[in-house]
Structures are given as C-alpha cells and as structure tokens.
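Only one chain is given next, in structure tokens, and it is the form predicted alone.
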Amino acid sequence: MPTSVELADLEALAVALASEAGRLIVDERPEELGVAATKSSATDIVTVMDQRSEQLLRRRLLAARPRDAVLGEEEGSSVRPAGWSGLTWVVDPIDGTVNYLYGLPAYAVSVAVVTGDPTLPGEWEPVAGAVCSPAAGEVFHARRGGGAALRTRGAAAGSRRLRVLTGQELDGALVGTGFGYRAQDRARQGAVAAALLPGVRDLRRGGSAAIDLCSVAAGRLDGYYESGLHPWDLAAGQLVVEEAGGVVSGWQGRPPSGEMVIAAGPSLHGALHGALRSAVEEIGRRVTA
C-alpha cells in the first residue's frame, strides 16, 4: 500500500488525468461522431473519441508513472514495465459511450490506480481514483483512507465532502442499475429489475456505471446494482462510494466483480442484497420449472 503522501499524489494525478480527458472529449467531439468498431454486440460501440481519450491517458501515464502498468477498456493491459511498481492504472476513456454518441450528458472518464492484479476478480483493490463528468462540470475523487469529495466548476464552483445516505428502508429507496449489450444478458437483467421494482421507490438507468456509483456516494441514489461490469467500469467509483461511507460488494460478501456489484449505505446494503438474491433465485426457479 502506498504511503499517505503517495496516495495524495496519486489522487491528484487521477483528478488531473480524468479532467484533461474530459475536456478532450467535450472540446474535440466531432459533429459527425464516428463509430470506430463494435465489441460484444452491434449495440456495444467504440467511438473515435474513446480511442483518442485512452491514448491521451496512456501517454500521460507513461510520462508521469513509467513503472506503473495500465489496463484500459479499449487497448487492454499494457505489458508490465521493467521494475513494475505493483500499481496498475485502470482507465475507462468514456464510460457511457452510447450516451456520448447521442449527445446525452451522462458520460464520464474514469481513472483509478489499484494494487494487485485487476484482471483477477478479488485480487485487486483501488487506492486512488477520479471520475470526471464533463457535461456536468463535476469531478468525484477519493483516496484510500482520505475520504471522498466532489469538485465542481462554473457558477457553483467549489468542493465538498461526500457521504452516502443512511437510514433508508428498501421500499423507500431510489436504486440505480444498468444493462449489458448482449440480448441474453438484457433479458435476464430486465427480469431481475422487474422483480425488484415493486419493492423499491423506483429504479433509474443512467447509462454510466461510474456516474451511478458516484451518485450513491453523493446521496443522489440510495443504492445501485449491476452485473456484467469490468474493472474499468468499477474501480474509481467503488473507491468513491467506500470512502463516502458506503458498502460495495458482490454476492454474499464477495468482492464486486462481473458477476454482481451492489453499492449502498450500510443500513440499506443488506436489504438490497437480499431482495436481489430473492429475485435471481425466483427467476432461476421459473426457468427450470
């Protein structure tokens, strides 16, 4: 684990990098935004700006932290450099690419640095990170043991500490979620959402996991869950929630992973977990009946 001084430096670098990439994707967004490729399905797109944003982040990291490794959504893992520091930067150059393509404001740049191997579920831990929501003029950031904060620009410029909401009952909770790109995943996730919906205040689907997690930390959502996430979707937002006093887990106390991510305040997390387990088990019984 880096020292407290090192963690503060890593957090500051994450903020600077996420902010710079955020400016890039806003200021240089083409009027006719090109779709460079598709990934898991025809609806899972990569834009030219995804690629440019990640290339910028990699260049800056190579210059500032040449002994650190990098894992990015678009270009995968870099080869661990000679004298590897034990730290890996996990970056999502545009989280919420479909929103970005359509001109919707819920997209972000997520930059985190982790210990361990982020390609292995449960074998890594985020220690500093930032999520820049450039359309909103907001940067969420945190470091391990240092709390979480929200920095805003414009007329409301300033910084404030973040705390998750506490004391909510499940039936009064506003819960965020998201859906994958493959049809079979969407069908299953939609069934879980339909089963959960009658037991909560309402559901929201924003389109960016990083922003949804930070919304839990900021008290804009009571809870959030999603399956199918990758480390770059999760790393920075997870740390922001935890440093804001929240709990982020997978099933039954396991680390969050592609299998499931559940984030909420301590008083709500167990109830949300239980409701989701009940929904998944009921759907499983219907399938096998």
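So that there is no doubt, residue numbering starts at 1 and follows the sequence shown. None of these values were measured; they are calculated from a predicted model.
Another form, the form predicted together with a small molecule, is not on view; read the next lines as being about it.
**Q** Given that the partner is absent here, does Thr97 sit within 4.5 Å of the small molecule in the model of the complex, heavy atoms only?
**A** The answer is yes: Thr97 has a heavy atom within 4.5 Å of the small molecule.
**Q** Does Trp124 reach the small molecule in the model of the complex if we count a contact as any heavy atom within 4.5 Å?
**A** Close contact is absent here: in the model of the complex, Trp124 is far from the small molecule, nothing within 4.5 Å, heavy atoms only.
**Q** Within 4.5 Å, heavy atoms only: does Glu54 come near the small molecule in the model of the complex?
**A** Answer no; every heavy atom of Glu54 is more than 4.5 Å from the small molecule in the model of the complex.
**Q** Test of understanding: in the model of the complex, would Val131 fall inside 4.5 Å of the small molecule by heavy atoms?
**A** Outside the cut-off, so no.
**Q** Pick from Ala209, Ala217, Val113, Ala142: which residue has any heavy atom within 4.5 angstroms of the small molecule in the model of the complex?
**A** Going through each option in turn, the one that passes is Ala209.
**Q** Look at the candidate spot formed by Arg59, Asp68 and Val70 and say whether the small molecule comes within 4.5 Å of a heavy atom in all three of them in the model of the complex.
**A** No: no residue has a heavy atom within 4.5 Å of the partner.
**Q** Name the stretch: of 176-184, 116-124, 190-198, 78-86, exactly one has residues whose heavy atoms fall within 4.5 Å of the small molecule in the model of the complex.
**A** Of the stretches listed, the one contacting the partner is 176-184.
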